[in-house]
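What follows is a pair of forms of the same protein chain, given separately as structure tokens and numbered structure 1 and structure 2.
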Structure 1
């Protein structure tokens, strides 16, 4: 008879090996710190495991991974920014002062604009601008309506435009 504990351990190991890369890569990209990404990978995997186990396919499992890892990393970033001095505008890369089109921006700049956005807009902005998901996919991932996704993206864009106009940087 197989020890159920062993069976569970093997399953966890298999799932961690399979989905760990997606979580780790995403956390590295958002946190930009290898050690923090390693810690975040463990934490996100534990949180997402039961969803992965019941997911009917890999795409659904990834949707959970995106959602939970985005939330976790944004919280980490917020916690860090509370402890650190805010980034001075001159530390941002210089632009021509025109309206930002985030699909034209590099990911670092997009992430800086996202960090400055209100919490409710950050998750949608990460999935759209960092991950390139479509509005419908974001709606499904977050369990909100497509209209809400569109509204939040518009609000994010508007705020980013105002920020760039005010600060003269992109």
Structure 2
């Protein structure tokens, strides 16, 4: 009989070999720092190990690990922003004052707006605006319906629009 601990370790090792580079790239894209991305990748796979019994089969494992990495990195970004001094409104890039859509082309602006959104909206906004995924891809990655993705993107845009108007960014 094979030791279950050995099987678990082998499964995590296999997942790391297959997807480690993609997860590191994901973390690096979000955190914009090589060392932080390395630490985040390690932490993501520690979490994978912790929850390996609920890991999906190999066909959907990447989406599952991708979601873990997205959530972990967003939490890291949120924690860092709480420790940093707040950004003054005049330091935000200029928009038309009514809609953030043109500003979404600017990744820094997108991250500032995303950080202010509730967690459920952050996931969708990052995948759409930062990673350029289609709505159907986001739905599959997060395990939600396409309609939910559309609703969350709409809510994110509405909240962003209100923030831009309230802060007087013109």
Partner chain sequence: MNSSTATAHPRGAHLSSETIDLLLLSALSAPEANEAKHHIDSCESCRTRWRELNDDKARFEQFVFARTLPKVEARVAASRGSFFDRFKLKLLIPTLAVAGAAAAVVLTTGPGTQTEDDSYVGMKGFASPSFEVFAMRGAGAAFAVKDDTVLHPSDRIRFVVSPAGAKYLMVASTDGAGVFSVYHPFGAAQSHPVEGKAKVELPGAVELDDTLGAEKIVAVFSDAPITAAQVEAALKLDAKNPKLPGVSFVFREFRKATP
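On a predicted model such as this, the values are computed, not experimentally measured, just so you know. Residue numbers count along the first chain shown, from 1. We call the rigid core the largest set of C-alpha positions that still match within 1.5 Å between the two forms.
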{"query": "Structure identified as the form predicted on its own", "finding": "2"}
{"query": "CA of residue 53, rigid core aligned, shift of 2 Å or more between the two structures", "finding": "yes"}
{"query": "Rigid core superposed: residue 153 CA moves 2 Å or more between the two structures", "finding": "no"}
{"query": "Cα displacement of residue 32 between the two structures reaching 2 Å, rigid core superposed", "finding": "yes"}
{"query": "For residue 18, CA displacement between the two structures after the core is overlaid, in Å", "finding": "5.7"}
